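Single chain ahead, by itself, as structure tokens, in the form predicted alone.
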């Protein structure tokens, strides 16, 4: 069989694995198998692509597989769940810069329409078609934006740089001028494509700058939206790179990632009550400060918390980033099982943007083997929240902040929240009275039906479990 024909068959197999894997990722029960299928599809695609193009020998392919497997295994074992959002941001950035480099390398094809000449031909291209120039520029542009934008997102998530929105006078005008410069430079390059064209370097430089400018005006609380958007960008950049090098499987894979990212971004935007244009061009909560909150908190001890829970018929856990920090998901599940044995109905209310990346809480609870049937979405729990005897908020803040519903001056005004303040009693597990990632104070802490259980969430819940014992 012709090696190129074998590669095309491998691409079809890979595309099928990608699609089935993506479908299986839609359910926690099949997500692991879906991830495995998608990974297998990518391995087949990479090996088939490198082999058919004759870019490297089998020795290099095997070496790359071994090295990549070691890095992946170490990342899976050593990176804490609290650092998953940062790692996802870096993955998005890696995909973006890879697409940028592929697009750039395509311009060295010297007029050859196949990808085999990427490394076999040295020197500037002499016959770059307009279509190839356009797709290469698109890969460079979107890849550059994704790369630097992801680095800024990583910095905000890891708090190595300030998580607050960075806004200055005329920012939208500056961003518009950068975008106009990118479009103009791209058009000029496509008219007279050449590897050493000054327009190409302008596109490259402005794309890296735009990536920074797009993300800095977005506050830390809105990072789930940014993560999903950058994920979509990385897919679109890969798709453009696929067109540039005429690689079908790269086009398919990039399209799937781009489409999935856009869908997820739309879900995140609705959960934040933001439009996509607002995500791209506005500083979330950069101007409004919100009303000052005054009052007294009502602290509670572990023993008193036990007596209230022991008499409860309906308990709802509301997890947030604090649960990830405390690694409290396993004791949360244990307490839930004890409450169920005591005749209590238990549920877990999940806000779409709880945590710092899409699905963050779902992943944590799945790790603790919490039954998927007990996970309840925000729109489903709110209509019945008044019938909940005890709502236990574990490290969540912005997603349960009544200011989003009551204070028009609040930066999070209009954001849909889980209305835990309407439950009969609210336990709030926090280390201190500090505000959430958005920096917005929470009047929930001062509610008449609210009780603050201060301390590490894992220790506090373990104490309650001990009381039941």
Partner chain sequence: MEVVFLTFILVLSIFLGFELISKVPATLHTPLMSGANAISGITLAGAFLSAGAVGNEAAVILGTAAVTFATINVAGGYLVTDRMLGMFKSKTGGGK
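Numbering follows the first chain given and starts at 1. Note that this is a predicted model, so its numbers are computed, not measured. Here, rigid core means the biggest group of C-alpha atoms that superpose within 1.5 Å across both forms.
The same protein also has a form predicted in complex with the partner chain, omitted here; what follows describes it.
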Candidate stretches 211 to 219, 182 to 190, 71 to 79, 320 to 328, one within 4.5 Å of the partner chain in the model of the complex by heavy atom: 71 to 79
Triplet 313, 347 and 461 all within 4.5 Å of the partner chain in the model of the complex via a heavy atom: no
Among the candidates 178, 194, 363, 300, the residue which, in the model of the complex, approaches the partner chain to within 4.5 Å (heavy atoms): 363
Listed residue that, although the partner chain is not shown, lies within 4.5 Å of it in the model of the complex (heavy atoms), from 375, 338, 202, 164: 375
Contact test in the model of the complex: residue 359 vs the partner chain, heavy atoms, 4.5 Å: yes
Partner proximity in the model of the complex: residue 131 to the partner chain, non-hydrogen atom cutoff 4.5 Å: yes
Close approach of residue 248 to the partner chain in the model of the complex, 4.5 Å, heavy atom: yes
Touches the partner chain in the model of the complex: residue 154 (any heavy atom, 4.5 Å): no
Partner contacts in the model of the complex for 33 to 47 (non-hydrogen atom within 4.5 angstroms of the partner chain): 35, 38, 39, 42, 45, 46
Is_shifted residue 210 between the shown form and the other one (CA, 2 Å cut-off, rigid core): no
Core-aligned C-alpha movement of residue 170 between the shown form and the other one reaching 2 Å: no
Rigid core superposed: residue 370 CA moves 2 Å or more between the shown form and the other one: yes
Cα-Cα shift for residue 14 and residue 64, closer or farther in the model of the complex, minimum 3 Å: farther
Cα distance between residue 73 and residue 147, which in the model of the complex differs by 3 Å or more from this form, closer or farther: closer
